[in-house]
Each structure stands twice: as structure tokens, then as C-alpha cells.
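In C-alpha cells, the next block holds one chain alone, the form predicted on its own.
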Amino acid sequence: MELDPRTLSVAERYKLLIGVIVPRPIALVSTISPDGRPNLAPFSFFNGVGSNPMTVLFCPANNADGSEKDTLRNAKPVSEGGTGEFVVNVASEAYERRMAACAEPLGYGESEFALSGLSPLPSARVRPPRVLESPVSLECRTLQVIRTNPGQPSGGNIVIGEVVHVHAEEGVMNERLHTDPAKLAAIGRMGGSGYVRTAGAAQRFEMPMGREALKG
């Protein structure tokens, strides 16, 4: 099969991307509007950027009418009308269904915390609350938003943030900052409505990098 993206609909391109870019980590992103209303939404186009400075990114696509999703409206820099802050809460098995509930399209300012039953906790260095149930939360200040197709339906946006504070549940990391995957119990997205769990040892394997990987 050979495909030219220009011949595919936006929905078909999306279906292809989420089917082959797997598994994808899930960022449950908490933000707050300029007038103080909290928002909570999951994003599986999420990853790290670098460690100097410590930076992450997530990608909230535009709505079907080309408008910005609430998370982007809140997280974009103050100069663009947002608050310039957000918190990435790692999605884990312990609250997987409540995380998924946060994808419900609510009106701007309506609380996904209230809908899902998840618990907001004050953050240490940013205004948006973190999620009590998350094993790890990364408090971030927005550095930049890159828009690939501003104002267009499903246009992509890359929100890059510097991590300014990390909250980790006791026991998830050791003194050397090694994370225990079983205790993190992160879940990831597959294609469609599929998910994958990472806590079970049978689902994980290790191998060296570089030439050493060929010796197995």
C-alpha cells in the first residue's frame, strides 16, 4: 500500500497516525483559565523534549470549527491571552476510567474535575491544580506554542513547557530517581479506543542500545 496524505481526508490522516504511532503516553493536562476556572483533559500526542532545560510537549488539535481547545486557550502564553502554565499528570491504571471521562466535551469553564470525580490539589509553583490521584505530576510554564495550521479544523498545535516542579508519589521513584514501572502503572493509547498497560512484567522487556542490541 502506498498513500499520499494529500488524497486522504483529515479524519483518515488522524486514523492512520493514531494507528501507527503506538503506544502513546497520555498526559492528563490540568490548566486554569485567566479568571480562575480549572480544566482537565487527556492528550496522547505527548512527549519529552529535552533535559536542559527540562521540557515537555503536548499537542492539542483545534476543534472541528477551527477554534482552540480549552486547554490551549488556558496554557498559551500570557501575551496571547492565556495563563502560560499547565500541569502534566501521568495517566495510570488507578484512575484510567476517570481520566477517559475528562475527554467529555464540556462548555468552557465547566469542570472536568467535577465530572470525573478526580481531586484537584494546589500545585507548588504554578496556578493550575495537579491531580491527587496521579503518581507523578509535572508543573510547567509555557515556553512556546507552535501552530501548524492556525484557525483550521483539526489544525495541530505544539505546546512546549519547561518543567519547574515535579511531584512524585512516595515509592514511585528511588533515591537515584529511577522510576518503578509497576508502581507508576502508566497506561498508553493504541489506535481507536484501545489502550495498553505497562505495570505487568510480561508486557515489558529490556535490551541494550547500539551494537550490543545485536548480541541478544
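The first residue of the sequence shown is number 1, and the count goes up from there. Since this is a predicted model, take the numbers as computed values, not measurements.
Omitted here: the form predicted in complex with a small molecule. The next part is about that form.
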Problem set entry | in the model of the complex, residue 32 touching the small molecule (heavy atom, 4.5 Å) | no
For this session: Would you please decide whether residue 57 lies within 4.5 angstroms of the small molecule in the model of the complex, comparing each non-hydrogen atom pair?
Result: no
For this session: Give a yes/no on whether residue 105 approaches the small molecule to within 4.5 Å in the model of the complex, heavy atoms considered.
Result: yes
Exercise. Can residue 142 be called a contact residue for the small molecule in the model of the complex at 4.5 Å between heavy atoms?
Worked result: no
Exercise. Would you say all of 89, 138 and 164 touch the small molecule in the model of the complex, counting a heavy atom within 4.5 Å as a touch?
Worked result: no
For this session: Just give me the single entry in 71, 83, 116, 123 that has a non-hydrogen atom within 4.5 angstroms of the small molecule in the model of the complex.
Result: 71
Seminar exercise, completed: Answer among 142 to 150, 75 to 83, 105 to 113, 128 to 136 for heavy atoms within 4.5 Å of the small molecule in the model of the complex: the stretch 105 to 113
